[in-house]
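To begin, one chain is listed below as structure tokens, in the form predicted alone.
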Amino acid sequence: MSGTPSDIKLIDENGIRIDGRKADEMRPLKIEAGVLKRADGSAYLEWGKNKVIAAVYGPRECHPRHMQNPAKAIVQCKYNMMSFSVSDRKRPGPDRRSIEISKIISEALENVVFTENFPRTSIDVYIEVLQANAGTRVAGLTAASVALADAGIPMKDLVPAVAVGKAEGQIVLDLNKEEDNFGSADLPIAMIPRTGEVLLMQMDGHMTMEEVEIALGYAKKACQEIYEVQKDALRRRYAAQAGAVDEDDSSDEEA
């Protein structure tokens, strides 16, 4: 977060943002489930200019063994931004930011997965950011949640997530790159829409209590919209699977 250069106006006099959206409007979101054949579960997400893929493996035996928990599974997440995902080439491999994001996503997902059903195992979640344009942690968490469901892992519910921020004194939903770079606050939030339980909330910057309340209102409404897109991705996945099974059955009968 830093001051806005004089030649960039994030919000015009009519309240329209630099990419044409209103303050409470999200970028276009598209999710596809079951995109990787070799993973137990997977999802591909496009959110604005973000492109993210998530893969889930497990539950499987936890290695190294000293990390095993005799009472439950552990959820291990690896979040990674590809070198070509940003305009300035990123150094390959984990950095401090990706390690931190991996940890918070693991913790959020552990709160929804019924880990007690799978003692001594590991559920491994891999998130690869192919193209980044602000909000990659919430995009990664949203995709990972769908991938877990695609893997058939029992969960309390899906986890939608979104970032709300502050730009030029206004609260705005789903920050784009310019707002993220030059705005004055960023508040990633993940919640379970059905119960309102908040699984992730981080603050970078400053907001008043009144602004936080507005941000939470925006986030709650957006998470419900994201939740519907997540469910639709899984419905389409299961419908395609059912169609494939029906085709196999009919070809067997013909034979």
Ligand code: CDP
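Numbering starts at 1 and runs along the sequence shown. Note that the coordinates shown come from a computational prediction; the quantities given were computed from them, not determined experimentally.
We do not show the form predicted together with this ligand, though everything after this point is about it.
Peer 1: Contact check in the predicted bound form: 86, 136 and 186 versus this ligand, with a cutoff of 4.5 Å between any heavy atoms. Do all three pass?
Peer 2: The answer is yes: all three residues contact the partner (heavy atom, 4.5 Å cut-off).
Peer 1: Consider the chain as shown here, without its partner, and state which of 110, 124, 180, 128 has a heavy atom within 4.5 Å of this ligand in the predicted bound form.
Peer 2: When this ligand is considered in the predicted bound form, the option within 4.5 Å is 180.
Peer 1: Which one of 81, 167, 173, 153 is close to this ligand in the predicted bound form, taking close to mean a heavy atom within 4.5 Å?
Peer 2: Selected residue: 81.
Peer 1: Of the listed stretches (145-153, 110-118, 69-77, 128-136), which one has a non-hydrogen atom within 4.5 Å of this ligand in the predicted bound form?
Peer 2: Only one stretch qualifies here: 128-136.
Peer 1: Do residue 103 and this ligand come within 4.5 Å of each other in the predicted bound form, heavy atoms counted?
Peer 2: Flag for residue 103 set to no.
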